[in-house]
Every structure is written in structure tokens, then in C-alpha cells.
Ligand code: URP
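Next up: just one chain, as C-alpha cells, the form predicted alone.
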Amino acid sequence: MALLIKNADIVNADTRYTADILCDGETIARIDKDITPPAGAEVIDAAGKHVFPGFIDPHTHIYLPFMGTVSKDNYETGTKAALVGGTTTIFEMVCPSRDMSPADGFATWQAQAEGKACCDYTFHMGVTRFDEASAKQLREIVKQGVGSFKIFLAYKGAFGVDDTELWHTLKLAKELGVIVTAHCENETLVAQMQKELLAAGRTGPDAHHDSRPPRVEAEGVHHLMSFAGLTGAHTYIVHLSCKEALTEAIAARERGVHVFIETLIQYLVLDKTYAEKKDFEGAKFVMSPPLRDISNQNVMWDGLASGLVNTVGTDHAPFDFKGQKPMGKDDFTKIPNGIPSIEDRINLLYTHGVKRGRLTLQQLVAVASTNAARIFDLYPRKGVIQPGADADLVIYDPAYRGKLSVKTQTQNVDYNAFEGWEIEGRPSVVTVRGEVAVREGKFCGTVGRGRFLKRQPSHF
């Protein structure tokens, strides 16, 4: 069935103009003025609204076994929430434990998604150990369409790799043309500082930040950049949170190290005082790296506007406040990490970025869609409105006014970190490959329509 969007204010990362968009089947067939609707086509008038390419979240944990529990969303609830928020493609982190083989990990995450995902998805393949057998399996996983790895320089004994494993992972990535995404914190410093804080009686959520301060993240970035420079591998720093870490990454980039940088919506609008809330409320805001001093917000916004920071993700990891966060009631190191926000990322970016003059509409598209598509081999299938691209479209209503709340959200978690926050705009219609999946904040698409997106190594 054809879909015709009339009077579209089309916003790409580098252009903005008004035209009609004709979608035929799963792709954009034509963009022109005054297109006559084909017989039987659905026609949507987008006058007064922006039309964006479907947004891409480059960092999610829909399914995540972590600290003895499992994240609350599944691929149906999590991808419905993504779509309601305007995100039509997600990158899920495959995070096997060190005692699970890469092949088993990949199969496990595939089984979670197949037949349930409502939007398109792809994976960053977690490398949580490196030996001859895992290297062989990683090669096969790349052949199956996964063009990026994920490593942790934190979580010692769980997900973290040692320096020898880091070296060999980067060498393999360089050989295959795979980008290595990396969580950068010095695991030894974290472990020692956690131990000392607990010994001093600092057991609450407020101690989380002090166990991994900015210098710990900056040291992790510096460490990765040294290895990346020596191996020639291309890297992508996930959830960069602070000025100190950004300074290390930019210094490496200036000396020729290949590095892309992601920040999160949480770091742009929240700060560490939220994790200091009394009566354990701060546990809602525990994530790693932690929320930082508010002075870092302008650093991150400026980084996005200047192009130093490439993407905005969510690191969506939903754990209930009542049923799961209390695992760390008496020990902050046992609080399941994550501030769920897959549903709210774009509305917050628009409200606090575009509406406050921190980002242009085109920059919003770049950092929340196009750059991720370009970096991770999805462009021009995704990340742009042009003939031949997938018909993933977000008709965005700038006149909408509302409030975020757990009572109205789609994501399957018992709190909203932005409870009561006002938003100035939201998606009114969202399509996934030509099918309308969201109308006026409600999912109306097809469960299981989401497709695994095979990607090729980039061979930079």
C-alpha cells in the first residue's frame, strides 16, 4: 500500500525544504511538489509539522541480565516505546557474561528479538573475553551482518576485558574493518574506590558518583585511545559524560586516532544531584558513568553543536525502582544500573536542544539519526529522507504540549526519571518501512515487524 505525506517540512541533517513524500511499499519512491495520490494510497497532511528521518538509538539494553536480575523491557515493550518516541531503529548491546561464548550470546539476543521487535534493530557484539575459540566465533558473527563490537573497560570479573584481550580485540577489529564501541572507565580505580567508600560507611546511591569520578572515566578513555592508536582500530566511545573524558578523546583524535563520540540524553538534562535524593530516591538515577556536575551539560551540548560529539543515545536499561533497585539498598555497588529513556530521548532533545537554541533542527537529525547511520553502515537505508531510503519517517508536531509520566509511558518500568517534565513537541505519526506504527502517541503497528539489519564491516 502506498503512503503519501503532503506538505512535508522535510528536515535532513544538511537540508530543509517543503515537498510531498510518496512511499511505495517499504521505501521512499518519490519526493516532489504536488504529488497526486495513487489509487488506494493513505494520505497524511503534514502541514505545520516537521518530517524527520526515523531516529536511531545507537545504544540500548532492551534485554540485559545484570547484577543478578534482568531488565524489565522485552523486545515488544521496548521497541513500542522507542517508536512512540520517534526512534525507528535501535542498536542493542549483546552482552554475554565471560563464561558464555560469543556464539551463544549472539543466539540468545537474536532469540529475544525475533518475532517481537516492532522497529528495526541491529547489534553491537559484546566481546567479554578473547581467546582462539571466541575469535573464530566473532569472525562468523561479523559475516552474519554485525559490523561492530562492544567492549567494557569496567565491570571487572563480569563484562570487563583485560589489556591483553583489549589488544587482540582491537587487532581483530582492525583486520575485519569492524568498529569497536567501548565503555571507558578504569576498572581498578572503580573497584578500589568502591571498597574504600563502603568501608567508610558510604553505602547510599550518592556514593556511586564518588566511586567513579570524572578522572576515572578520562583515564579509561586515555587507555583506550593509547591501544587504538597503536593498533589502528576505529573506536566509538559510548556514553561519554564529562569534560575530562571529552578532552582525552579530542586530544587523541587530533593526533590521528580514529574515534567517534557518543553522549546520552541523561547527561544533557540531568546532573549528579538527582542521584543524591533522599530516601533511596537517588537509586532511580544510578548509571555508569554516573550523572555529573551540572557544568558538564553545556560542554556536551556545545560538543554536539560543534560536531566534536557525534551521537546521542540512551543506554536504555530499565530496572524497577521498587522491585530491582533495592538490591543495593545497603550497598550502592549492587544497585542495577540504568536510567530508562528510550521513549523520551527525542522529545527531550527537541525541547531542551532545539527549542532552547542549543541545536538546529538539522543538527538534531544529525546527532540522533544520520551520524549513527553513517558510522555504522546503515546510510542511506536509514538516517535520511530521499528516494530509495527505507520509509522510516517521523511527522513531528511542534505545537504539542504535554508532560512525561510513568502513568502514560509505554516502556515497561515502574518509574519515569523525568516525571512531570514538560515537553514542547512530540511525534504525531511514525512509520516503519512505510507502515504507520504510531498515531498521536499510541502504538498502532505490527508486533514482530522489526527486521534485523545486516551491516557490513566498514573497511576504513
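Quick note: we count residues from 1 along the sequence shown, nothing fancier. Everything numeric in this text was worked out from a predicted model, so none of it was measured.
Just so you know, the form predicted in complex with this ligand exists too; it's not on screen, but the next bit is about it.
- This ligand in the predicted complex comes within 4.5 Å of no heavy atom belonging to Phe130.
- When this ligand is considered in the predicted complex, Phe376 lies well away from it, no heavy atom lying within 4.5 Å.
- The closest heavy atom approach of His209 to this ligand in the predicted complex falls outside 4.5 Å.
- Contact between Ala29 and this ligand in the predicted complex is not found at the 4.5 Å heavy atom cutoff.
- Using a 4.5 Å cut-off to this ligand in the predicted complex, each of Tyr155, Met287 and Gly338 places a heavy atom inside that distance.
- When you look in the predicted complex, the only residue of Asp390, Asp73, Glu92, Asp315 with a non-hydrogen atom within 4.5 Å of this ligand is Asp315.
- The contact residue chosen from Val51, Leu64, Ile423, Val429 relative to this ligand in the predicted complex is Leu64, the criterion being a non-hydrogen atom within 4.5 angstroms.
- Look at 397 to 405, 37 to 45, 64 to 72, 415 to 423: in the predicted complex, residues with non-hydrogen atoms within 4.5 angstroms of this ligand sit in 64 to 72.
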